[in-house]
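So this first bit is one chain, no partners, the form predicted alone, shown in structure tokens.
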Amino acid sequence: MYNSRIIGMGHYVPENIVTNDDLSKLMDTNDQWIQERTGIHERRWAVKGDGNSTFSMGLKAAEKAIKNAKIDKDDIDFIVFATLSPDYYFPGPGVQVQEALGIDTIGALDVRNQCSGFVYGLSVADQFIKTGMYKNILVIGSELQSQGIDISNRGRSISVIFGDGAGAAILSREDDSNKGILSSHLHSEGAYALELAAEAPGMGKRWVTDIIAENNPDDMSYRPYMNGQFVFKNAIRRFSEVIHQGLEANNLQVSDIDMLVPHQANLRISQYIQKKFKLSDDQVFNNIQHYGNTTAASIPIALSEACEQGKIKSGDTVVLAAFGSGFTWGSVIIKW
């Protein structure tokens, strides 16, 4: 058995900055209302024609991760791509990255676990490396959500939250069992699937052809829906549980955490967890203030920025934790 270790991170976000004041011109909202409920000041939204897509942003993040890992792209053995907003209904963007990088016919796996997608993807890659099947795996989380949200009063509770961007990691074989990913912990609870969902196309009820034929401007079935308070209550509960689970599995205490990188769903959730675990500001990394909730991209963007800023050092105990649609949630415990 081997261990796996992150040897390079990279991220990319669109240049277009959309502030809360910008949104106040499009819907009945304001900067104070948004900040009080989410902690978000601004987010990045791709603009039609700027060349950004889920695939292209993921590719740019991947290229930076490869450069920072100091490996050749041909050293990559496998690709895992997490997203809820692929360029095509099918195929997924993993194969697009494989083709764009010009890598030989390596495998590419697409993960559809929304906000916990990167944690799930990292766990899958870790297992492939631990068993000796692969040596270097590229894991990407990328989202272009701005083109699929309702930018009006009707959709403001959702549209003010989400942003676009991508993050990527190179996971590599590590012989030292005391370094790298120590464990990952994954969970789901499908009973609450529709509390945070976009129903159509799918469900065996209505497909794109039905939506087009009906041409109903009030049809919201294909737009994201979120039961905000219910999601919040479940998130803080599951975040706590899965972080404790990861620590206990490795005989670690909360005091051993050097850096917690939570999924950037809502600053209030992160602050609640920080307070509950009695962590200092230096022990928790948040950037939702500038990027909003970038779903599968949020953890890799945050982890990449934390590395860039020197906030994570060799030997640090790093905890990743996510909760989102599904419901799905998970944690990864890393000895950096």
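A residue's number is simply how far along the shown sequence it sits, counting from 1. Here the structure is a predicted model, which is why all the values come from computation and not from measurement.
The discussion below concerns the form predicted together with a small molecule, not included here.
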item	value
Position in contact with the small molecule when the complex is considered in the predicted bound form, options 270, 38, 52, 304, heavy atoms within 4.5 Å	38
In the predicted bound form, the one of 29, 68, 56, 286 near the small molecule [non-hydrogen atom within 4.5 angstroms]	29
Heavy atom distance at most 4.5 Å to the small molecule in the predicted bound form, all of 181, 312 and 334	no
The small molecule in the predicted bound form: contacting segment from 30 to 38, 59 to 67, 304 to 312, 276 to 284, heavy atom within 4.5 Å	30 to 38
Residue 147, heavy atom within 4.5 angstroms of the small molecule in the predicted bound form	no
Exercise: residue 76 in contact with the small molecule in the predicted bound form, heavy atom 4.5 Å	no
is_contact(residue 160, the small molecule) in the predicted bound form, heavy atom dist at most 4.5 Å	yes
In the predicted bound form, residue 156 touching the small molecule (heavy atom, 4.5 Å)	yes
